[in-house]
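One chain follows as structure tokens, the form predicted alone.
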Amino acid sequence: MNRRDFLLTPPAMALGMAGAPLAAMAGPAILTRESRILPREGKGPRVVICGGGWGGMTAARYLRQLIPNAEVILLERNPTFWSGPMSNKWLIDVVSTDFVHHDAQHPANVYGYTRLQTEVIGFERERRLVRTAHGLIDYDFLILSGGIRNAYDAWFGNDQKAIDHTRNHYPSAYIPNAEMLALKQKVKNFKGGTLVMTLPPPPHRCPPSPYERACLIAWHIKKNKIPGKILILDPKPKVAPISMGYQTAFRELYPDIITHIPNAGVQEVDPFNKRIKTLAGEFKFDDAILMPPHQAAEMVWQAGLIGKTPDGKPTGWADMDPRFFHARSDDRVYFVGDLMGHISSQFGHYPKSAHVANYIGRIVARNIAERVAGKEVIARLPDNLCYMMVNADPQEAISVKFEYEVDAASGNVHQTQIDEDVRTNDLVKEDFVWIKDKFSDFLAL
């Protein structure tokens, strides 16, 4: 073994489903990235899931339920599960850390799938292999559910110094979980001045949540009498979705704190001198939450499955069948969650939300089960539901629901949006019922 291979060799402490050392499970005493690991057990199909968030964990649970003899392997780089939903409330201590942070091995033990903490670093689709930091894993079906990547390169190109400075000092906190902790500390330490929030251009993760974050940080500023203001630089022409509900909250609850600036697409960011140039003007800041454009997770790029525009440029999102959720060029690969691509000419993408990820996880599990059983695969539609807290005392929330149907004439999926613009405590209660139901679904709580 040369020095490079030695340095790439992962520790033998990595654990499989039952807590057995991975090295003992795989056979070789020393593992490298070229080692074949996790030899097959039984004669059932093997489904490998890359990404252990809302969508990946849901898919794993339902695959084991729908295909009892399947070997389901979930690969996730984080040691624990951290929920994006409710994290804005966690920032100001409406919920505790234990509410959003959970053991990820427990559901694997309960539902009977294998969870391996490792980094996915590439694919060999023609051989049906996933390349990980621990070695190679083969599959019959592959599910990519890695969420998003922060496309800082859209702002800075290959200027890694600017990217690192922005990530370290002005974290967007839209990818769990270390940045969540950094943002909470930022909120707690904020003493005043102008706090700028840039919003990613659509489509982006959880569309209404940046406005919720602004409202709850504004509540914190108001409660603690901090001499601060929040400037929302929004690339969209208006607040959306739930335009009226948020605009009312801005106007009635935080008129001296929140300023929403539409059509403020980012042109240049200078994180060192704290300046941002947008289509709506140039702005200085004392502190910031800088959310760059979002794109599909790195794993979709590594798999060579990013979509292309008519002129050949990457769309940034998975190239997928909009009704069956598999890759157009490889029907053994499925997509679940925020990395999914274009769905409809009417509305573009499904909302990149936890609710949709959970729903599509169940749909894809059923689609694979039907294929394994030799049955016709039925095209199914999700729905979407999001609650957003806009006031913490009294606790009040607004909500938005999306319903989907197939247009009989065109065959396209159509979306209907239903806003609950009047903030109420009843919607807060519904929110907690909703998330407890979802957590019980895939976290086995």
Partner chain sequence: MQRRDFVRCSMALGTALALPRARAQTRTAVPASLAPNPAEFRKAMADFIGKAKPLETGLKLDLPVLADNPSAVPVHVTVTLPLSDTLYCKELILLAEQNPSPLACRFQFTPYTGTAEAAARLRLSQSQTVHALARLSDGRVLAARQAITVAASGCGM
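What you see is a predicted model, and the numbers here were worked out from it, not measured in a lab. Numbering follows the first chain given and starts at 1.
One more form of this protein, predicted in complex with its partner chain, exists but is not displayed; see below.
Which of 319-327, 285-293, 272-280, 300-308 sits within 4.5 Å of its partner chain in the model of the complex, heavy atom basis:
Only one stretch qualifies here: 319-327.
Just one of E376, E34, E41, D393 has a heavy atom within 4.5 angstroms of its partner chain in the model of the complex, so which one?
Selected option: E376.
S410 versus its partner chain, in the model of the complex: is there a non-hydrogen atom within 4.5 Å?
Yes, contact at 4.5 Å.
Report whether the minimum heavy atom distance between H355 and its partner chain in the model of the complex is within 4.5 Å.
Flag for H355 set to no.
Is V95 close to its partner chain in the model of the complex, meaning a heavy atom pair under 4.5 Å apart or at it?
Outside the cut-off, so no.
Is there a heavy atom of P382 no more than 4.5 Å from a heavy atom of its partner chain in the model of the complex?
Close contact exists here: in the model of the complex, P382 approaches its partner chain to within 4.5 Å, heavy atoms only.
Just to make sure I understand: among 220-246, which residues lie within 4.5 Å of its partner chain in the model of the complex, judging by heavy atoms?
In sequence order, K238, M244 come within 4.5 Å of the partner.
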